[in-house]
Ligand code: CTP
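One chain comes next, on its own, written out as structure tokens in the form predicted on its own.
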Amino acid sequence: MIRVLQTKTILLGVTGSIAAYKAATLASQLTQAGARVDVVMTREATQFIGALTFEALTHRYVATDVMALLPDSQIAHVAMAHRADLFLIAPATAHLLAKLAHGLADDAVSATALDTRAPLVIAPAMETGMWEHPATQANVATLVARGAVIVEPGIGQLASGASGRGRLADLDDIVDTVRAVLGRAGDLAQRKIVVTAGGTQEPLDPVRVLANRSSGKMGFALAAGARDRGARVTLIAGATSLRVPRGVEFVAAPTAREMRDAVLGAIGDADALVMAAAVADFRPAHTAEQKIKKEHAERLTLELVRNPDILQEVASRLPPADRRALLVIGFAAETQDLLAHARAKLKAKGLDLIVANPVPQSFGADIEAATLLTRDGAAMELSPLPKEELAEKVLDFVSAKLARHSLNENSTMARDTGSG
């Protein structure tokens, strides 16, 4: 379940593109994530995929005719338009874009679009020439000017056999966009959250590195969750093969020193820093210019030196007033004496919260056990849960803490001005 999608009604419009079959997977993903999915289709879309497929996946009525009525005799497209929290059209043909831009309403999808006041997300799919035509681009510009969000088509093989831009965007990118749009007014709106993720890699020679087993899943879940709550998110990541969540600013920082520089550069206007990355404590004192050959020696001795302590630098570089304004969250990944080490790190780095989790079992896993320890001594032990849910627990703390900061600042301002 994805929190921002739970209890939301997503209206999915499907038009007559060969990519219509992908809309079935999209409907299934949104439904499994906790959303209620209503589907409206053009008649052309039903030539590619049947309404029954969507009814089976969503367990809800599917409208294929602008004159259709619901079982309670309500006009289907009107009722669906009014109860939607967001209208997603995927795939959207060039013809449909033209209809929307000019306010035409002669099928179930275009009529619903004209009647709804829900946010509109459009994922076009068509031949490259059609997408690049000035008329289509003008229609897209018109829709964007009215507030529509466009998930631009990708590049790849098209139905004609040609290759170019026009493929329906990756479904994960479409779902990401839906989540971001729904979360615009969330409890972290107007906030900037900096998140680090993944393990750093310290080069030994041009082809080898010293690394750890962190996958980056926790940090990426935190970045996506903060985006879903309306935050501006900067995601600073070490080595990871994960897909970057749509709607976040991404900064690659493969080494500890690069991550240190990126973090210090990003926190100037941030409200919170969440250090979920597994930053290497040591790096080779020297990096060989050429690949080290095994024929040259029976043994290889490495000299290691300390890497910068990013959290320590954050605490020491910010003036006290700014330090209080920046909420700092750390992670403690330990193989033994987990809570003792976590409490020591919490105190030494001046953290507001630390997430203590055992390793190596949490590295790369989708489910994780953790204990949340706060500066005031409170502890919350969590049973194993998906990393997305653990991320929400951490972000709940961030949201509540920032809200209290704002309340205290407003109270102080009111006293200083004599108002209230």
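Bear in mind that the values here come from a model prediction, so they are computed numbers and not experimental data. We number the residues from 1 along the sequence you see.
Not pictured, yet referred to below: the form predicted in complex with cytidine-5'-triphosphate.
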| item | value |
| --- | --- |
| Exercise: Pro308 in contact with cytidine-5'-triphosphate in the model of the complex, heavy atom 4.5 Å | yes |
| Heavy atom of Lys349 within 4.5 Å of cytidine-5'-triphosphate in the model of the complex | yes |
| Partner contact for Gly330 in the model of the complex: cytidine-5'-triphosphate, 4.5 angstroms, heavy atom | yes |
| Asp281: touches cytidine-5'-triphosphate in the model of the complex, heavy atom cutoff 4.5 angstroms | yes |
| Interface residue in the model of the complex among Arg165, Lys345, Arg246, Lys192, criterion: non-hydrogen atom within 4.5 angstroms of cytidine-5'-triphosphate | Lys345 |
| Among the candidates Asp85, Asp205, Glu334, Asp187, the residue which, in the model of the complex, approaches cytidine-5'-triphosphate to within 4.5 Å (heavy atoms) | Glu334 |
| Stretch in contact in the model of the complex with cytidine-5'-triphosphate, which is absent here, among 111-119, 144-152, 226-234, 270-278 (heavy atoms within 4.5 Å) | 270-278 |
